[in-house]
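One chain comes next, on its own, written out as structure tokens in the form predicted on its own.
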């Protein structure tokens, strides 16, 4: 079964976790865990292959993890910032996809609109990977799920609580967690709820993967009996001008000792970083014994390696 799943992933795009079956997502996670422990066949798996990193948004973890991942798999990467390509600057996305496909074996895009990534994938002849959009962040959530899997030994049946802005992280955790059988509870202020279309996809994902989805306003209810507690910055990239406004809305959604007292005693704390200590989370939580954010950050590398290996090589592993 593993070989057939891997073969079926070759050449696919990674635009949203909703596009993958539960078994395919678990294959990515299990392979990532194996690659982290060491795999004798991967140092030349992508020899001669090159991916392009087309980034319209600033990045630390996404850029470095993809570059190192390709290097460790024997391939190469080319970084192109937004000002260094014609994408959206006089050349259509369709034409850019056609051209880049003639040079590259894969394209990682970090940009604003999900529709732009989807259009690029429509016209490109090579796998397109969503490195982040305003709507979703699937690569980060693969690393999150890997982190929980290696600490808890399973994903199905665990409760994951996300508290904060109903942003791209909330969206991908809803879908990804539900796909692998988790109970996902998201608590946000009413004006910052997740996109209803994404929530509907999450309910469908729960039906596929045996998970459950709940969207509510009460952070204490979301965190109650949670195995995993997750948050993100209150003002994501592109929303910085709302920082002061959000600072007056989100304090009840801060992750702190009082709120996490309702979680399970051995809960894990995740944050995709960068973090604003004293805002979305207190220092004693992110720097305390429940925090696995540094393992989570490292796991971007291992999750990215698994994703690249599967999409670019598939059944050759």
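Numbering follows the first chain given and starts at 1. Just so you know, these numbers come straight off a predicted model, no measurement behind them.
Beyond the structure shown, there is the form predicted together with phosphoric acid mono(formamide)ester (CP), which is absent from this document and is the topic of what follows.
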Legend entry - One stretch from 135-143, 156-164, 241-249, 116-124 that, in the predicted bound form, holds residues within 4.5 Å of phosphoric acid mono(formamide)ester (CP) by heavy atom: 135-143
Inset, instruction - Report whether the minimum heavy atom distance between residue 273 and phosphoric acid mono(formamide)ester (CP) in the predicted bound form is within 4.5 Å. - result: yes
Inset, instruction - Give a yes or no for residue 61: in the predicted bound form, does one of its heavy atoms lie within 4.5 Å of a heavy atom belonging to phosphoric acid mono(formamide)ester (CP)? - result: yes
Inset, instruction - Answer yes if any heavy atom of residue 302 is within 4.5 Å of a heavy atom of phosphoric acid mono(formamide)ester (CP) in the predicted bound form; otherwise answer no. - result: no
Inset, instruction - Could you list the residues in 92-110 that come within 4.5 Å of phosphoric acid mono(formamide)ester (CP) in the predicted bound form, counting only heavy atoms and keeping sequence order? - result: 110
